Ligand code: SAM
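Single chain ahead, by itself, as structure tokens, in the form predicted alone.
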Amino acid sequence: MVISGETLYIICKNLTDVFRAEKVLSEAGISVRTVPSPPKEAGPCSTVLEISGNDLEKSETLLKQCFIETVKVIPARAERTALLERLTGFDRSSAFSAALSRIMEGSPPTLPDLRVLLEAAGEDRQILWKAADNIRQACIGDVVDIRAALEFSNHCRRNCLYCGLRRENRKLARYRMTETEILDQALKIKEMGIRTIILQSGEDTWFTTERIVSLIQGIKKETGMRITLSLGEREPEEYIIFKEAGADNYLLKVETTDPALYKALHPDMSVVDRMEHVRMIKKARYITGSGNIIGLPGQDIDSIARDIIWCWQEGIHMIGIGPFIPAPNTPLEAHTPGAVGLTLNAIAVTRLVCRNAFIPSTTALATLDRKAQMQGLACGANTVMLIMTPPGVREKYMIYGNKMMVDLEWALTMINSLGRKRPSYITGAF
């Protein structure tokens, strides 16, 4: 039974119908968002429509008139109060408990509530992490997704102050892998059982539209793997071309949504443009990834909270959150790294707010503290990215210093230690 005013998910047969439906409903004045699907209920479609129950009848009529078939309508509920009851040491009179209760009950995230949760310390922090882990289990399940990143070029036209790939870093030895080298490495990744390859590079204009299309088509033909692109900002039409060529996902981290902070760190870029590129990627029907960096110079708690709210508002499917780590030969090489505890709080809060998203426990966390990556999986994360860049060039992909090489053995060690489940596509003795 639909309760008046409650939030609902409309599930369509495919992504094309989802975005057609979004257009139809928004043009009719209905408040609608596209958000990640609840994995346990929505079937194969990665995105659903979020509407108010008050608009259900009108929405269903409009979609039928436009011949858009819906599979089902479900309430956007998760285990909430029951999860709170399981938490021990929960002081229900504190500002922390009030904020956590509101978020777990499904209230829209607010800056004051997220600020309190992000600042959690001591026993409150342990409760926050446990709540996020419970929500992860309820909404996503116990399987840890494993993906493999191939960093095929460290050339970049940008000049971001924190990144070792910045164009003014003259001390970095540059490289580009050939198409043959990239395909050979993709085949090795397939042999491991991995189903998703992440093609990652700096913003390297040498890799033209045609070259990227050739890579996508070659990898699809030879491996059948899902392909995530992480190429930075491209021309709007390229997102569509790459999708039509066979790319499945696109990762474009916003890093920070704070306009002043973004401008200070990205002298030749605009946060408005960055956010619009994320929206263009989503409109091109990708499973869309973004995220932020914790501990950037000049960043405060409110800035991090706004980043999380933005990911929620935009319905981001994959949200990467990692600590700032200084890179050699950059203007910020002497800056203090981001705090592990705050990064883990940010992962936990993001899970509570963006319940159905894929959230990795990042390589950056492992670089600061190997055990912190395991803790990330224990406080809301559900994905691990392996580094599969070949020896000889991997140390040149210097986005930050002393990067740890996360491999399959370490990923499975973490999964086993936490009592989580490896994906069914990974076999072997580890």
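Counting begins at 1, following the sequence as shown. The structure displayed is predicted, hence computed values, not measured ones.
The protein also exists as the form predicted together with the ligand; that form is not presented, and the subsequent description refers to it.
When the ligand is considered in the predicted bound form, A346 lies well away from it, no heavy atom lying within 4.5 Å. Using a 4.5 angstroms threshold between heavy atoms, Q299 stays clear of the ligand in the predicted bound form.
Remark: Q217 does not count among the residues lining the ligand in the predicted bound form, judged by a heavy atom distance of 4.5 Å or less.
None of the heavy atoms of T223 is located within 4.5 Å of the ligand in the predicted bound form. Site annotation in the predicted bound form: the residue of N134, T228, N356, S201 reaching within 4.5 Å of the ligand with a heavy atom is S201. Only one of the listed residues (F207, Y162, F96, Y239) places a non-hydrogen atom within 4.5 angstroms of the ligand in the predicted bound form, and that residue is Y162.
With the partner left out here, the ligand still marks one of 114-122, 253-261, 67-75, 303-311 in the predicted bound form; by a 4.5 Å heavy atom cut-off that stretch is 253-261.
Shown without its partner, the chain has Y397, I399, Y400 in segment 392-419 as residues with a non-hydrogen atom within 4.5 angstroms of the ligand in the predicted bound form.
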